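A single chain comes next, written as structure tokens; it is the form predicted on its own.
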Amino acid sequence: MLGIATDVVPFESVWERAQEIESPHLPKEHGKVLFEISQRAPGNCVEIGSWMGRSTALIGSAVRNSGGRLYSIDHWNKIAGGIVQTDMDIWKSWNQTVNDWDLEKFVIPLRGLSHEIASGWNFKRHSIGFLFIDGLHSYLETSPLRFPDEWKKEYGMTGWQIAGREVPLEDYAPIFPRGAKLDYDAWAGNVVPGGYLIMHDVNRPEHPGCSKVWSEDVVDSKLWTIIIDGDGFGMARKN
């Protein structure tokens, strides 16, 4: 542990400030649970899916209060040998958030695919007391990566950068495994007894992949005690 912060910051103050970070899919009630659970996690906190950093700021502030540590996992547009170019540099913006919030000592970024990062993780040395899964919402994909038109427009995708070359979006479609099932299988089994799992966007028809993992691997499993089984938000404690 890094040592409990001398000035403990309450959730309301953190949430008010976090509104400066774009995240339309993380409402206050979900953010409060993330903050409170990560603040008392019996081990390291891991989030899969960080993006612009609102969840990072919330969980990072909580672990700063408690003297814990957060490992934030995201590809931040670095995918299968290339980097997706967008109107905004997401990786730069996330790092700026961490710096602005003075969380550098408490938050460690791990850039890449979660199951690949897990393969090199020492779970005995770095125990997981809290896991938040909010990455790719499909169940399991191995098909060539293609971006929907709405994503291209929303994020201002302009192309790929591969080995220093600019490549049009349509000219590169990498094939690699990805999805919520991989995230769960790589990490959830290593949450310590008494530790917590939260999955976002479950029990929603528009996200059948997340819902399938939550239903089959968590709700129907004897490994977990369900605490919240709501619309868009599930939380369980490891037995």
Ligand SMILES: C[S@@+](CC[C@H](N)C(=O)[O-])C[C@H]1O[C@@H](n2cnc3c(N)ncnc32)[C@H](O)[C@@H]1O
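Model, not experiment: these values are computed from the prediction. Numbering starts at 1 and runs along the sequence shown.
Although it is not shown, the form predicted together with the named molecule is what the next lines describe.
Interface residue among L136, I83, V98, L169, judged by heavy atoms within 4.5 Å of the named molecule in the predicted bound form: L136. In terms of contact with the named molecule in the predicted bound form, the residue from L26, A186, V192, V33 that brings a heavy atom within 4.5 Å is L26. Comment: 75-83 is the region of 101-109, 75-83, 120-128, 158-166 lying near the named molecule in the predicted bound form, near meaning a non-hydrogen atom within 4.5 Å. Residue contact with the named molecule in the predicted bound form: W51 places a heavy atom within 4.5 Å of it. By the criterion of a heavy atom within 4.5 Å, S55 is counted among the residues contacting the named molecule in the predicted bound form.
Along 110-126, a non-hydrogen atom within 4.5 Å of the named molecule in the predicted bound form is carried by G112, L113, S114, in order along the sequence.
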